[in-house]
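Starting off, we have a lone chain in the form predicted on its own, written out as structure tokens.
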Amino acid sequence: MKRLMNCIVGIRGRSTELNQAIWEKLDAQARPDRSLGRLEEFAFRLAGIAGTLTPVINGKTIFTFAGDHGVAEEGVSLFPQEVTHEMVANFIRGGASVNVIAAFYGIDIVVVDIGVKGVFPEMSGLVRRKVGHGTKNFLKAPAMAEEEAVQAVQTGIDLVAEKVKQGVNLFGTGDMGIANTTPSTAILSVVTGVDPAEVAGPGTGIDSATLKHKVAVIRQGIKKHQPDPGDPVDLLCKVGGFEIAGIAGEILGAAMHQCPVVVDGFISTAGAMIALLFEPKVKDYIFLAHRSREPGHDAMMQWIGQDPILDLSMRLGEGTGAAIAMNLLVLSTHVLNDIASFEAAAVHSPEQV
């Protein structure tokens, strides 16, 4: 816990010293004022994070955290729990959706076994940081012990630190874990006070009867354990997931190192909520990748207070939305750095007309 607290204490908000200078540089460019819309917003934020008028992205990494969930035994998912294990192998082979999208954009994918049930054979490329063989079924017992929650969060922090040493300065989140929309919805419900029926979604594609059952499971789990909505460790212990904790740690670690982090969909945003409960200043470093089709995602984004970069009707996870959105952040740095000013381009500005 001491190492985790040291990370949190080390997080400071985004610099505001360059705010005026960043906008002056953007407004001086040879084009109508604010005509590149949100690309300018992203450039403004990235320059503030980097503390320079010329921010550069040196390396891009998505961590796809994989973990199983004991609550899957309640039949809340369309797929059997074994799919988590099988999909991790697919990630390593490069055959998953996130592999294809990330490869197109030149993004490094790091697959982390933080809590998959079972043991993997020797597999080059798999990062083995297993905290446990899946969480417990939170309908019957707390999902994890306090030391496991802290270890999982610290794992995310440590992985970021390793990549920062290698020059990476843009991070993305990803997840894999059958039934993980159930703990994510539980976290959302506890933190916001919204009834699970209003925010629970189909996840992998369950029917209406199974969705009603899923809502009942979440309600019963919350009622049984009474997690503290202001205590991120308590939330993780009682209704969380190892991959959600790892994502929270990644976000904390990125903020500590003053690096932007692009948060993928519904599961990743649950991790972002946990990170914000640890330290609200991490909001300065978060970019929400896209609007998930999961109905609870809007409530999550509203609680965080940010709009998503994209809306592509996606709901896959893995880091797919983050991979696409990260490319737009890189583009925004070129908008700030490379577009000529009115003066340099010898173009009349509005003031000269």
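Just count from 1 along the sequence shown to find any residue number. Values in this document were obtained by computation on a predicted structure and should not be read as measured data.
What comes next is about the form predicted together with another copy of the chain, which does not appear here.
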Discussion item. Just checking whether residue 12 would be counted as a contact of another copy of the chain in the predicted complex - the rule being heavy atoms within 4.5 angstroms.
Written reply: no
Discussion item. In the predicted complex, does residue 44 come within 4.5 Å of another copy of the chain, counting heavy atoms only?
Written reply: no
Discussion item. I'd like to know whether residue 310 contacts another copy of the chain in the predicted complex, with contact meaning heavy atoms within 4.5 angstroms.
Written reply: yes
Discussion item. So, residue 82 and another copy of the chain: in the predicted complex, are they within 4.5 Å at any heavy atom pair?
Written reply: yes
Item to complete: Given that the partner is absent here, state which listed stretch (47-55, 295-303, 23-31, 280-288) has heavy atoms within 4.5 Å of another copy of the chain in the predicted complex.
Response: 23-31
Worksheet item: Which pick from 159, 101, 222, 150 sits with a heavy atom within 4.5 Å of another copy of the chain in the predicted complex?
Response: 101
Item to complete: Select from 35-64 the residues with a non-hydrogen atom within 4.5 Å of another copy of the chain in the predicted complex and write them out in sequence order.
Response: 35, 36, 37, 38, 39, 42
